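Below: one protein chain in two forms, given as structure tokens, structure 1 then structure 2.
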Structure 1
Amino acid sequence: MKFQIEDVTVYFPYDHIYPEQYAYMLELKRALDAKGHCLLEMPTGTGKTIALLSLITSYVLSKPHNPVKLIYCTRTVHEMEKTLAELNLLHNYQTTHLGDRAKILAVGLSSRKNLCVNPRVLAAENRDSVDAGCRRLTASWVRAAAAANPNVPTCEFFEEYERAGSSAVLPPGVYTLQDLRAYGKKKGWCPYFLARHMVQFANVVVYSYQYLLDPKVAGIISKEMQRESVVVFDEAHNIDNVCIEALSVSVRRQTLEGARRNLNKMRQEIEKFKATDAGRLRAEYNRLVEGLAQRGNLALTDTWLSNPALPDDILKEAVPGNIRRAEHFVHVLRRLVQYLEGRLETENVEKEGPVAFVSSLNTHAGIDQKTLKFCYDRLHSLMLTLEITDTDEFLHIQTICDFATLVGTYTRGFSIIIEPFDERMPHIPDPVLQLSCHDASLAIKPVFDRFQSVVITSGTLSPIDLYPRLLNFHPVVSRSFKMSLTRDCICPMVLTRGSDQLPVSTKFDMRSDKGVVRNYGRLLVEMASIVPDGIVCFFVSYSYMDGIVNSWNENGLLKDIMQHKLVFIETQDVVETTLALDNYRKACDCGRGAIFFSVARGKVAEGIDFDRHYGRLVIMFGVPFQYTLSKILLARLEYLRDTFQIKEGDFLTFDALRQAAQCVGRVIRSKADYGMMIFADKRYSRHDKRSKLPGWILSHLRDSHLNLSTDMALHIAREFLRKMAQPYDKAGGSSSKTLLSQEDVEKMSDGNFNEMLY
């Protein structure tokens, strides 16, 4: 269908549109008009992705004089493929209506591991090894050697791509990773470098968060992007954690031992070069006197990770004299590693800020702040000079230089925390030194500053007013949408006690109580007997899940559960979990039904959908608070309190409830779907906890469902399932429409649109 939103003709590839999709487009257009940032919370399963893509591509078509690029960031490769598939459908629809004028180029970009087509390189098992395998065949000096000696192996795909020169371009269209690989094989070109080259010309780019938020990667991939871009972070409820991880580094004993090995190897290489090709080292020295800005002229294959923190003005400075010569720099790194080894030999937990750490490092090892600042780039320069291609073997020294640069650059928003052992296993010495970032706004600030509109959207952004404070920005639009439903197909309940009237909770003082464990088990047995198909259970942590499943096994509850349905468990091993999920789906498909045990904050809670019969009930056992004794978390809470005036309790509750909402939101993936959600913990009945759940869950949570025991919850579940089995009108009755046709949309003026929506 096609319709007008103010001055934009929107092309929407389906015959009907949900009212909330229309409202979402309206708010999104206002943000684009204002050239500002926005926060939009839209319930899961209401077609957020297609609404975003339709509006932004139509907006560009309506205003051809100022072309806007769309940069769409997803968390996983699976989500990227899904987004590109939706975009392909939309693109086909627009070209049938508008012909060639609507043609665009849309590219998905991922790591070499997902795009490489060279079988020799792909044989490596992990991402770093694939990267190194690629460099071994494509680095500029390897190719120069191959020109002189045909026996030196190179990558035929990259050579073909280079030979094609400026004619190596992608024709317009939407390219998923699979399409890029197929196109690369057909033409004999390298899909990874082709995609990297085409990113700057594409109208739509879909890639992972890291490519914009992790400064090491963003400096290479995203520096070409123009200011007139709209950046979308989809499923962005955890965006603050992604920002923090991008700027945090942890150093263990293994890291330091690896770094020592790397330094010895480099020293041998330097000695070898001194004997055979001293001119190279001298040329590097002269280049460093002029500054580091020469990075822009490197061959595409030689660009390595960019500097994690340095602004451009520093890159034009000359490198400090004491690390210009290769052997001096290696000596400085040796002193740094030695100092860090000394710091790890501690009996107690130590915490200090970057300023104190740098001054102590200067006193004991004679390395000043400016030297630290340049470590990462100086290492990069040295590895190029020494012609090192096995970058995967040099990850340890890269980590040390990354740490050094961050410590030397930032004076606030970070802490250095040294822990002699993991508190959960105090008898095993495992010292770790962590540079932990507490301020999520540091990594995302360049994105807000550089691009005209940044859209942060997800199904769970409640309470929405906390995000602008955490990320330190001012959205022009901040809005949470409700879900318009023809029938009440969501049934949330808060279960506070078992059928014996004992309260249930995973509070620390209650979680090992036999009564609580028994009541949780009985709840699951009873529900398994009446709910058809799939049930998903989320626990607060792996250790709690192991403990409770063991107890159920000992007192025979697990056997009772297995009489009704098969049980599958998520583990920390990705392959095992994938296998368990496949078999869980098989059991649901064949009608036997199954139960899946999973963990909040785990892989399954973040990215796997349990739609239709794969999830008719979700039980959230407990409130998934973070481990509150973690030193890193405590330091972050202190920083948030002092800098942004966010109270510890508020942040912890907000964080736990967005995880809980994320877990239970897995069941509803479309409006024809139905499912129940049980929050099994007495703390959910308190208003301060409950009010932080997203509006679309709260609007279905009745007062009569707030303080239930197991037998009451059973009665409600039976009634709900009976009601859901009745036929219903999919488009909604006369009172409120939940599916709008083209005529409905055209008839709507703003006034009666609001009546229809609410």
Structure 2
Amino acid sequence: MKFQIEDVTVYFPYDHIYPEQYAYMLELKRALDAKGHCLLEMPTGTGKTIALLSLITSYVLSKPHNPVKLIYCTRTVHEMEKTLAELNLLHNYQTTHLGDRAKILAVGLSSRKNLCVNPRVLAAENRDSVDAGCRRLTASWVRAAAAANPNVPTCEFFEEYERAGSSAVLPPGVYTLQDLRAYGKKKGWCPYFLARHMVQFANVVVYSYQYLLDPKVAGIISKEMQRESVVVFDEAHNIDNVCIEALSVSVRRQTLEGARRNLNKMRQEIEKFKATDAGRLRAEYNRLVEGLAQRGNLALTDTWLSNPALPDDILKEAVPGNIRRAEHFVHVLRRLVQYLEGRLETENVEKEGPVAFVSSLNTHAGIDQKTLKFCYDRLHSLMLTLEITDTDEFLHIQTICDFATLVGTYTRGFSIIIEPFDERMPHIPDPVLQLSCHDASLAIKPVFDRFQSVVITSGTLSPIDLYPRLLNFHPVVSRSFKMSLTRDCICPMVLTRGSDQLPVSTKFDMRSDKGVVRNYGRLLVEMASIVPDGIVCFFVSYSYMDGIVNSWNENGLLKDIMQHKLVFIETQDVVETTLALDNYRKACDCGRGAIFFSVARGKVAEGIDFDRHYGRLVIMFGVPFQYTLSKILLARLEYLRDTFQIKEGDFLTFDALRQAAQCVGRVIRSKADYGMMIFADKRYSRHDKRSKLPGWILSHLRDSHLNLSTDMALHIAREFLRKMAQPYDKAGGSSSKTLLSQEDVEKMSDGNFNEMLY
């Protein structure tokens, strides 16, 4: 359908539109007009993505003099695939209605591991070895050597791509990773470098958060994005965690041992070069004297993870004299490693700020702050000079240099925590030194500064006023949308008691109680017997899930559960989890029905949808609080309290409830879908916990559903499922429209929009 939002003609690929989508587009359009940032919370299952994509593409179409590029960030690769599939649908619609004018280029970008088509490189198991394998074939010195000696192997796809030169371009269209690979194979061009090249010209780029937020990656990929871009962070409720992780480094014993090996290797290399090609080292020295830490224009293939510090904080000055010479630099690193080893030999937990750490480093090892700051760039330069291709072997020393650069650059917002062992396993010594970032606004600040509009959107951004504080920005539009439902297709319940009327909870003192475990099990058995197709269960942690499944097995409850449905479980092995998910879907498709056990904060909770028959019921066993004894968490809470005046308890509850809401929100895809949500913990009935849930869940949580026992929940579930099985009027009753047709939308633009909506 086609309609007007103020001065923009929106092309929307469906015949109908939800009022929420219309309102969402309206707010988004205003934010774009104002060239400012915005924060939009819209319930899951109301078609956020498609509304956003169609508005922005239509916006560009109606203002051709002002080409805006869309940078769409997803958390995961599979979400990227979903987004591109929706974009493809939209693009097909727009080109059939507008012809070639609507043609755009949309590219999904991922790592070499997901894009490479060279079978020799792909044979490597993990991401780092794929990267190194690629470098081994494509680094500029390797290619130079291959030009002289045809026996040196190169990558035929990359060579072909280089040969094609500037004619190697992608024709307009929407390219998923699969499409890129297929196109690369067909043309014989390397899809990875082709995609990276095309990112500059594409109208829409879809990639993962870290390509913008993590300075190590953003430095190479997103350097050249123009200011007139709209950056969208989808499913952004966890964005603060991503930001702090991007700037955190941890050093363990294994890291230091590895770093030592790396340094020895480098030393040997330096000796070798001194004997054979001393000129090269001298050239590097001269370059560093001139103040060029980086070697000007690097060949595309030589780029490596870039500086871990944020672009604004990197010094544009000459490398200090004491590390200009290669052997001096190696020596400095050696002293650093030695110092860190000394610090790891501690009996107690230590916590200090970066300033204290740097000064102690200066007194003990004689390395000053400025030297630390240049460590990363100096290492990078040295590795290029030494022509090291197997970067995966040198990750350890790289970590040390990351650490050094970060600790030398930042004086606030970080702390260094040294723990001799894990609290949960005090008998196993495993010392770790962690540089942890507490301030999420640091990593995202360059993004807000650089781009004219940044859109942060998710189904769970409650409380919506907290995010601007955490991320330190000022949105021009900040809005939370309610969900208008044709029928009550979501049914949240709070289960506080088991069938024996005893309270259930995952509180620390109750979680291992046999009665609680049994009550949780009985709940699942009963639900499995009445709910059709798929059921998803979320537990608070892997270890809790492991424990509870084993005890269900011992007391026979698991057998009862499996009599009704097949059981699949998320494990820490991603391959296994992916296959389990695939099988889970198969089981739901074929009608056998299945239960998926998953973990809140896990990979599955992060981005897998359990919509339609893949999830008719979600059970959240317990409240997914973070591990509160974690030193890092305590340090972060302290920082939040001191800088933002956010109370510890509030933040912990907020964090737990956004995870819970995220887990249960995965069941709804559209208004035609339906699903139940059970919060199985007595703590959810308390107002301070419950009120942190997003509004669209709260508005369907009836007072009578706040304090249920298993049998009452069962009764409600039966009633609900029966009600949902009835046919209904999709457009909603006469009182409030929940589905708008073309005419409705046209009527609405006369200004009585709000009237129609509420």
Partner chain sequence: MATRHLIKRAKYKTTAKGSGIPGVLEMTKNKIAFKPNDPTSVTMINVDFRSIKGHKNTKEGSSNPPLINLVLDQGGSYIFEFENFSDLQVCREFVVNSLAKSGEGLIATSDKPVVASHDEQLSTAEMELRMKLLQENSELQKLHKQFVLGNILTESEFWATRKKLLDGDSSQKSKQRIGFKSSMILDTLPLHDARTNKLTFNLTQETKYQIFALKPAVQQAFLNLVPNKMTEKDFWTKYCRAELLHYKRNAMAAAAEAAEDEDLVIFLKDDDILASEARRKIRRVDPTLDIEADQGDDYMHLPDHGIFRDGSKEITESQHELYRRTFLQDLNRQGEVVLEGRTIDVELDNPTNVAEALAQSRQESDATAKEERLYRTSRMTEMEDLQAPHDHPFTPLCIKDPRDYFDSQQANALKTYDDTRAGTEQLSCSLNSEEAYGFLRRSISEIEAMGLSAHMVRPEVALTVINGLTQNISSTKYQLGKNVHESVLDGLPNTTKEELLHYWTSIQELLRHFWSSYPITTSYLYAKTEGSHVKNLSAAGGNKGIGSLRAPPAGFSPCSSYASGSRCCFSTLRVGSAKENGKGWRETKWICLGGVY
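We call the rigid core whatever largest set of C-alpha positions still superposes within 1.5 Å between the two forms. Nothing here was measured: the structure is a model prediction, and the numbers come from that model. Residue 1 is the first residue of structure 1, and the numbers go on in sequence order from there.
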Structure number of the form predicted in complex with its partner chain: 2
Post core alignment: residue 108 C-alpha displaced by 2 Å or more between structures 1 and 2: no
Core-superposed comparison between structures 1 and 2, residue 517 Cα displacement 2 Å or beyond: yes
Large Cα move at residue 504 between structures 1 and 2, threshold 2 Å, rigid core: yes
Cα shift between structures 1 and 2 at residue 550, which is computed once both forms share a superposed rigid core (Å): 3.6
